[in-house]
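In the block that follows, a single chain appears as structure tokens, in the form predicted alone.
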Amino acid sequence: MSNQIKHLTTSYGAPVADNQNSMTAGSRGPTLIQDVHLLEKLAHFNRERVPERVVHAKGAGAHGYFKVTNDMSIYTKAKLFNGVGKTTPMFIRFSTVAGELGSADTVRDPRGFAVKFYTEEGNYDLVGNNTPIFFIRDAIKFPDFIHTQKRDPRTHLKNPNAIWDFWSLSPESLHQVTYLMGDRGIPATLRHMNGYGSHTFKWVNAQGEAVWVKYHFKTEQGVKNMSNDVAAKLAGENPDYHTEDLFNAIEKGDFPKWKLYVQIMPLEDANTYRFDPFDVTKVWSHKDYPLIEVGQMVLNRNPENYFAEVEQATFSPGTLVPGIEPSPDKMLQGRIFAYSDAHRYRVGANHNLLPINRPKVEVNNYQRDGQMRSDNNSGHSVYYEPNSFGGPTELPAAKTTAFQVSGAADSVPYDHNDHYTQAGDLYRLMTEEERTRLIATIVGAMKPVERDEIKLRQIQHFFQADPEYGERVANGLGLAIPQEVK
């Protein structure tokens, strides 16, 4: 076998200079559309599975409503959050991330927590997870990360070597790995887990004043988790356990409820906070930015047809309403493109015309034709803009707020590379019983890894988060702590 180094290239053969950092305007961005390598990776990744979702294939959904309990007009002009008692219909889809459509509900995996609000200003999609953080912080790494969670192309089996090799070479994943391998890695039911927007967003009020915001859905059923043994038993006996539990609870009138809270950060704090507030692998301290109640989400109606509603539901973090805007979070910037692109491929260019996705307000635009156009294709109305024939025109008041960007157009990493403090803090927050279960889960997951160098590299990350953390994993695997981290 040749020892010659193979250089990474695009699909058309051009060499890739940086496969770890997307191209942004300055270190915080936003991401530049001229980064053709990023767009190629995301677009190709969205087309790798037919016809189920590339990720979040196995899911359950329900209809409900969101009711405001604390007026948020001081922070945002988004009408769904303005006025105590304001009620907005919504649909939610819960899902596992890595498994196929027929996979078991009770695997250890993050859960998708995607909410579609049918507001009077158009649809608003809050596309999050049941974890407040994620494994990576730049969308350019997402296709590679998900490849490690999928099946090996040669064996068609899950590959722990790939999983831990990637994680050990991506130290930013440590916080999420610690969360995932802990007790909350397998929720008892979909009703007994929290949900998070995960990313940082911008809220803008009617006066044009802006703040940064993070979303937290806290379950009113209480957080309950499932042990590895029970999860494995249910995976064999009832792989649809979570789907069944959600359906049955709603059917008998035991409607699941969540309280929505937000953390609010003044814009200027982003420049001085001890962690980059746009890094999705980090959280904001609740002591620094306390939770503020917004309202309550209630699920009170099951779908009538799974395919028409749950399977054909499409969500995108770029589906926003006035008063809610993106942040320079690089992972969010990539998802804004990737999610809608995935839906155009999987469901079609006109996926927003389907009943489950259709806004409750009138839609006026110049988009025409395409596969499965199910309405009157805008009839005989004018089909271009600008025009002199009374076609729909812009609403200047809906313009997003400006923010300053600076720096060279380049592929650059985040300025902050502390991947260990928050992971260590999470470990130290756990009780001794929780730590013992965490270590047992990690050791069990890492034992099948064939190469000790991968295990040792990951142990170094655990050790840097907390020496006890690293030592206990090393002991469980029968390996010594590398001298350079002692």
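Quick note: we count residues from 1 along the sequence shown, nothing fancier. Predicted, not measured: the structure shown is a model, and the values here were computed from it.
Keep in mind that the form predicted together with a small molecule is missing from the display, and what follows is about it.
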Q. Can you say which of 226-234, 371-379, 113-121, 396-404 gets within 4.5 Å of the small molecule in the predicted bound form, counting heavy atoms only?
A. 113-121
Q. Though only this chain appears here, would His343 touch the small molecule in the predicted bound form if you measure heavy atom gaps against 4.5 Å?
A. yes
Q. Looking at the partner-bound form in the predicted bound form, is Met181 within 4.5 Å of the small molecule by any heavy atom?
A. no
Q.
in the predicted bound form, does Asn352 come within 4.5 Å of the small molecule, counting heavy atoms only?
A. no
Q: May I ask you to check whether Gly197 falls inside a 4.5 Å heavy atom distance of the small molecule in the predicted bound form?
A: yes
Q) Though the small molecule is not shown, can you say which of Ala98, Ala139, Val204, Leu320 has a heavy atom within 4.5 Å of it in the predicted bound form? A) Ala139
**Q.** Listed residue (Ala210, Val412, Ala338, Ile163) with a non-hydrogen atom within 4.5 angstroms of the small molecule in the predicted bound form
**A.** Ala338
